[in-house]
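Shown next as structure tokens: one chain only, the form predicted on its own.
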Amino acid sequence: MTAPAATRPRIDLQQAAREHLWLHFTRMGSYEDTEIPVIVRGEGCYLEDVNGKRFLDALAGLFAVNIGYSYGEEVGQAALAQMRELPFYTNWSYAHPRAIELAAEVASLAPGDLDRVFFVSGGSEAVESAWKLARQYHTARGERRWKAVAHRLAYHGTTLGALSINGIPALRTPFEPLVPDVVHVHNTNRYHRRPDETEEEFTAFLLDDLDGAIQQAGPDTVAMVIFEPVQNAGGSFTPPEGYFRGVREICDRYGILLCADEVITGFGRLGYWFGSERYDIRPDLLTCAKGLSSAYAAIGAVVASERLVEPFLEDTRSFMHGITFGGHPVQAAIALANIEIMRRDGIVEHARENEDAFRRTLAQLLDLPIVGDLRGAGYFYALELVRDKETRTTFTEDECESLLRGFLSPRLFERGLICRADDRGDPVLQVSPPLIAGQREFDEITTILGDVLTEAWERIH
């Protein structure tokens, strides 16, 4: 039996971490001569490490901790009550009250006619499940469709199916061959397009590209188009006017299911319960995770329209897929508590009301010579870094290595700001704090970024 935390023998955390813990997406060798950051507590928008150093979490624990870090007691009581009542039972052929209640809550918040909820353990599993559902749905209707269409540079998860949908070559290459077949089309990044191109022209270009790609792939072989309302990887690419209306029309024309990947954008990140509402996407199915529990528990879901469920209600048919912990009663209780907190404390409304102030504050950084673009929506922004603002010239691969990982990441850590320096496309800094953040946090984020980016520019020149 594992000893309670209070009575376990104390260990050297650094030594144990080096010897036993494998960090995700991390260059483990980079900690050979430095300490591994060990976070021990959180409050509001702030974290504290084992040495007492305080950090403003301007990334919300990877776009996830929407209600911030101060609700542990309340959420923990909900978890404890569920533990006492029913610590676990599966959703394989059985139900329990919390899964039923959470499914009803999610359906009430989801856009359009999305009203059937299939629970999983996280975002990658949600995307994986959505693709499997799309494939089997078409099969149940007598069609052989298996292909998916996604955006270039888009991130959709790490399980083999979700990884195959990813549009990031560096993530895909080590694990090839992947699941067939995925077609990648132009994303909605406008920054490096022709300066005199109108929004209408850009929308037309993107829709022509999508339509052409589907025709090239064979429309009757395509099961699903999956796009994020605002694309994360590459730096918060927002859709141009009319884009998702056109995507919906193309999917309808060819009988293809449209999936909105809202693992990041769901539950308030864009100032609405779902980004699909903000951009009138009208998807056939939707994936969510992260904000569903504000990361207080590992839970995700696929939300589908009733027409997708209908073929599986006939005769002896069933969706041939399942996750042991999908709809786990304790996870579901935590997610219900999270949604209750978000409703009661007006978290989504707070994000929508403060979006303009957040953007205006960050926009001050556009005065810096190294900042070329600010893009995003809600509490989900990216600053693109450039070598030359006039020509929008970016940095070389070696310069990105030196700039982002060699200087910006450690310097921001030193200054007590957690954000993301990323060059999966062009180099960007991603800023996405908990949805409770206000002007004080906006000012602190902008001040630290301004100081550090000024230093970075001076180093380059």
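Quick caveat: nothing in here was measured; it's all calculated off a predicted structure. Just count from 1 along the sequence shown to find any residue number.
This next part talks about the form predicted together with a small molecule, which is not shown.
Of the residues given (G112, P219, G242, G122), G122 alone sits with a heavy atom within 4.5 Å of the small molecule in the model of the complex. Only one of V263, V303, A382, A148 comes within 4.5 Å of the small molecule in the model of the complex through a heavy atom, and that residue is V263. Although the partner is absent here, D284 lies well away from the small molecule in the model of the complex, with no heavy atom inside 4.5 Å. At least one heavy atom of Y155 is located within 4.5 Å of the small molecule in the model of the complex. Contact check for H138: every heavy atom lies farther than 4.5 Å from the small molecule in the model of the complex. Mapping the unseen interface onto this chain, L270 falls outside it, with no heavy atom inside 4.5 Å of the small molecule in the model of the complex. None of 355 to 363, 80 to 88, 140 to 148, 255 to 263 except one has non-hydrogen atoms within 4.5 angstroms of the small molecule in the model of the complex; the exception is 255 to 263.
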